[in-house]
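Take a look at this single chain, the form predicted alone, given in structure tokens.
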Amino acid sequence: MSAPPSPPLPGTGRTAVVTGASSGIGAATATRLAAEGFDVVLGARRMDRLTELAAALGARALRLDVTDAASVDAFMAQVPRVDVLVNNAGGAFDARPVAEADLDSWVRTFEVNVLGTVRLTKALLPALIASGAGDVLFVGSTAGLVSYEGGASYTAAKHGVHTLAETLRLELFDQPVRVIEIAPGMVRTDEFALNRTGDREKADAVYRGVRAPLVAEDVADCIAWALTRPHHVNVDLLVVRPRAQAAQHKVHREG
């Protein structure tokens, strides 16, 4: 007879590191995981926001710049135990066609989304393996699955995150670590579109007429669900979009 399935994993007793936790999906994920009983460690550069959120959640706030090796080392030294790593730090910083590419923006995009993610994952993997039931979760994007015009720096970087998750899962196949990717579509947050366009009017236009784009809490709900499945269940890839978005180029807008 086969062994009975393992029960869902509770958050209690597990330490979860969330990067990019000062706003948006990161802050919502930290809030949700704290509610699930996780000991949450918040990592980001903006310590004023981070400290305020940590105080509200009973969590720990540690400065973290994933693009800086010394910052990652200092962060790691303060987190001796890690059961879950939520690689959320990232962002888009332009919406230019390739013919008008700003290479400085490309470097920034890859440093944050790809190299920073690799840097922190590499640093924390020994602790995740040692936990006996570790999770590495990547907050990817549908931009990492389907290309579209404009902002190729971001789509290329998120394709990199997607293949990073796939490769790591293959490399850890015999280790007690799950590799999970959550790929959201249109998510309305305070900063994402504004950082990408640099213009409030253009940022607002991204969501104009869409009755209910996803919000950060929707993505956090998916993350928490994946992390609390029985540990023999690996959610390889979960694509989540608002109902109004059938595909990257197929969005229902009212009015």
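Keep in mind it's a predicted model, so treat the numbers as computed, not measured. Start at 1 and count along the sequence shown; that's the residue number.
The next section is about a form of this same protein that is not shown, the form predicted together with a small molecule.
message: Is it the case that G150, even though its partner is missing from this view, gets within 4.5 Å of the small molecule in the predicted bound form, heavy atoms only?
response: Output for G150 is no: heavy atoms all beyond 4.5 Å of the small molecule.
field: the small molecule contact at V139 in the predicted bound form, heavy atom, 4.5 Å
entry: Within the cut-off, so yes.
message: With a cut-off of 4.5 Å between heavy atoms, is R211 one of the residues that contacts the small molecule in the predicted bound form?
response: No, no contact at 4.5 Å.
field: in the predicted bound form, M186 touching the small molecule (heavy atom, 4.5 Å)
entry: Output for M186 is yes: heavy atoms within 4.5 Å of the small molecule.
Check all three, G20, I25 and T67, heavy atom within 4.5 Å of the small molecule in the predicted bound form: Yes.
message: For the interface check, one of 166-174, 153-161, 94-102, 76-84 should have non-hydrogen atoms within 4.5 Å of the small molecule in the predicted bound form; which one?
response: Contact-bearing stretch, as computed: 153-161.
- request: Check each of L227, V41, A44, A220 and return the one that places a heavy atom within 4.5 angstroms of the small molecule in the predicted bound form.
  value: Of the listed residues, the single hit is A44.
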